[in-house]
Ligand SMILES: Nc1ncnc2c1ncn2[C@@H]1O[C@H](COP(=O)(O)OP(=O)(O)OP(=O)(O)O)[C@@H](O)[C@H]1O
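A single chain, nothing else alongside it, follows as C-alpha cells in the form predicted alone.
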C-alpha cells in the first residue's frame, strides 16, 4: 500500500553542530490488508519515518510511493489515511463531540455520518460517556481514546498509529488490540509503531524492525522466529535436584512443588529421556522451545 524507497533524512540541530543521520537509505513496504508492527528502540527513526510518510517533513533523498488504492492525488491519499500521532493536540475548550465534528468537517464528512460513526466508535473505545465534557477535563487515557475515534471518523483505508499502546493500562491495551483486529476485519490496513514487542507479536501479521535508521527485518513474525529458533526441547520433570545433577543436568530451574524445567538440544533428546527414565524421574512435559519475538528482535548483531 505504501513503499519507502531509499529514504535518507538528516537533521541539523543548529548552525554550529554537525548534521546527524536519522534515516539511512531506508526501504520497506506496508502491505495492503495487514496489521503491520513498526518496531525499533527510541531514536531508531520510527517517528521520523511516519512524519515523512504523512508529508509533514521532507527527505534528503528517496521517495515514498502510495498505492492507487489510496488515490491518485495527494488530497485523495490523505483523505484515505487516519493518523494518530504519539502526542496529539486537542482544543481544550471544546467538548469531545465538538472536536470530533470539527475534525470530521475538515475531512468533508457529512454531519449525519459523523454522528453515526462517533456513536459507533465512541462506544467501542468507551469514551462516548465523556463526549459532552470539555476536553481540558480529560485524562491521558481518555484523550487517547478520543484520538482513536477521530482517526476513524472519515472511514480511512489505512490507519496509522504512533505508539498507540504507550501509557495505557493492561485493560486499555487489550481493548485497543482487539479494536485493531476489528478494524482490520473491516478491510482496513493497520500500521503502528511500538516498543512493546509482546503486543506487536500478539496482534500483527508482520513486522518491520529498524535500528539507527536502517532496516533490520521486514516479514512475517513466525518466519523471523523460525529462522532464529535453536533446535532445542524443553523438559519439565518432577524429582529432587540431586537426581538431575547425578545424570549430568546442571542447568535447571525450579517451578514449584518439586518440579523443574531445563532445555537440551534436540539431537540429545532421546538420550536425555533414557537417562531420566533410568533414574525414575517423572517426565511431565516435553515440547519444542520457541523463543519470543522479544528474545529474537533485540539480537540485532545476528541479522
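Numbering follows the first chain given and starts at 1. All figures in this text were calculated on a predicted structure; none of them were measured in a lab.
Form predicted in complex with the named molecule: not shown, discussed below.
(request) Quick one: find which of 263-271, 24-32, 44-52, 247-255 has residues within 4.5 Å of the named molecule in the predicted bound form by heavy atom distance. (result) Among the listed stretches, the partner-contacting one is 44-52.
(message) residue 195 versus the named molecule, in the predicted bound form: is there a non-hydrogen atom within 4.5 Å?
(response) Yes, residue 195 sits close enough to the named molecule in the predicted bound form that at least one of its heavy atoms falls within 4.5 Å.
(message) Given that the named molecule is not shown alongside this chain, does residue 201 nevertheless sit within 4.5 Å of it in the predicted bound form, heavy atom to heavy atom?
(response) Residue 201: no contact with the named molecule in the predicted bound form.
(request) Although the named molecule is absent from this view, report whether residue 232 comes within 4.5 Å of it in the predicted bound form, heavy atoms only. (result) No - in the predicted bound form, heavy atoms of residue 232 and the named molecule never come within 4.5 Å of each other.
(message) So, residue 205 and the named molecule: in the predicted bound form, are they within 4.5 Å at any heavy atom pair?
(response) Output for residue 205 is no: heavy atoms all beyond 4.5 Å of the named molecule.
(request) Tell me, out of 175, 98, 86, 211, which residue has a non-hydrogen atom within 4.5 angstroms of the named molecule in the predicted bound form. (result) Exactly one listed residue reaches within 4.5 Å, namely 86.
(request) Output the sequence-ordered list of residues from 10-33 with at least one heavy atom within 4.5 Å of the named molecule in the predicted bound form. (result) The stretch 10-33, when checked against the named molecule in the predicted bound form, contributes 11, 20, 22 at the 4.5 Å heavy-atom cut-off.
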